[in-house]
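Next comes just one chain, in structure tokens: the form predicted alone.
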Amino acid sequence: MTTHIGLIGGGNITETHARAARAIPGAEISAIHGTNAEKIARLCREHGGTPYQDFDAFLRHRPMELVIIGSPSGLHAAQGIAAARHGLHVLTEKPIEISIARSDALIEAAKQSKVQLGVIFQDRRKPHICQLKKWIDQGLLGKILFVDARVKWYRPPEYYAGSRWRGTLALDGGGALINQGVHTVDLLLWLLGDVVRVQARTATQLHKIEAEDTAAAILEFASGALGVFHATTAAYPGYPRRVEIAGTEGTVILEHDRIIAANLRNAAAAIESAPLDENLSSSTATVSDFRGHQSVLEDFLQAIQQNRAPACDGIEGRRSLALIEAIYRAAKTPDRVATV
């Protein structure tokens, strides 16, 4: 059975969505919507589908069963709600939106329309991260004590200067934290559970943007674990993300989404081989390795067929945004503290 997919957006990430969709047997690109006629015409020539600049006309295109949203973050809810009301399943890029109020409206619209809603957090599908999740759930690290997560990335000035939305509060919702850091925020919540209290500072240290290019936070987890989280797009030339998790029974270190150290007191840490993520996320926004997105889309299509929740549904996708909102709140208060 063929699944007909509509793509929303005409930037680099929509190219990734197109390549991921085409790699899945039975998936076909039916239509592409974007504001740049030249870009969407090129995407349609290369990947198939009918180009649309008119959003309402795009939503009426048939056959089409689902849309993948790759537009600026601040448009996700409005576009997703409209798609849901047309009976289309909605898979959106991270973050789910730039405010909890808007994300909740999108979640409710999908529920009312009885369509699936998923959020693209491809890290949840990566082999070594899944292995670490399994070890934590099995108790092999014991009681989690501390996590240190570092996203010391670099984006050149033109990354922001050449975009109408990146680094803006209206469409990006912030800067390095909500755009780049959100993947790691989601990862920490998925691995270690809810955060209940944060202390934070944000700053615009390098880039000429209205939002932050650097953020630092101390996290207090519901479990009692503590964490330090740092995200920036100003650390030249950019370094692979690193996450270190220490528990009473051992410590595991992830770098560039691979386990590079696993020291467990009571278990032999058999690390399964896994292909390296070839995306150079630390220094470029281009997603050339689409395997993570392909895996998310495959799960989403199965969720539709099996009438089950996808790996990261709207409620799950909302968690990282709630924590990011708390970090932003904390950074603005005199004592730099906020509850989640």
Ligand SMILES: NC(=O)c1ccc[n+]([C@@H]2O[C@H](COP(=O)([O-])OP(=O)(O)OC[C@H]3O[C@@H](n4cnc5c(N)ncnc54)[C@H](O)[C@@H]3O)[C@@H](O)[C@H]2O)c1
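The shown structure was predicted, so the numbers you read here are calculated from the model rather than taken from an experiment. Start at 1 and count along the sequence shown; that's the residue number.
Beyond what is shown, the protein has a form predicted together with the named molecule; the following relates to that form.
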{"query": "Contact test in the predicted complex: H183 vs the named molecule, heavy atoms, 4.5 Å", "finding": "yes"}
{"query": "Partner contact for R124 in the predicted complex: the named molecule, 4.5 angstroms, heavy atom", "finding": "no"}
{"query": "Y239 within 4.5 Å of the named molecule in the predicted complex, heavy atoms", "finding": "no"}
{"query": "Proximity of S73 to the named molecule in the predicted complex, heavy atoms at 4.5 Å", "finding": "yes"}
{"query": "One residue of H128, H89, K94, H207 in contact with the named molecule, assessed in the predicted complex (non-hydrogen atom, 4.5 angstroms)", "finding": "K94"}
{"query": "G49, P310, G34, G314 - the one with a heavy atom within 4.5 Å of the named molecule in the predicted complex", "finding": "G34"}
{"query": "The named molecule in the predicted complex: contacting segment from 23-31, 299-307, 280-288, 56-64, heavy atom within 4.5 Å", "finding": "280-288"}
{"query": "Check all three, K134, H256 and R319, heavy atom within 4.5 Å of the named molecule in the predicted complex", "finding": "no"}
{"query": "Residues of stretch 154-189 in contact with the named molecule in the predicted complex (4.5 Å, non-hydrogen atom)", "finding": "W165, R166, N179, H183"}
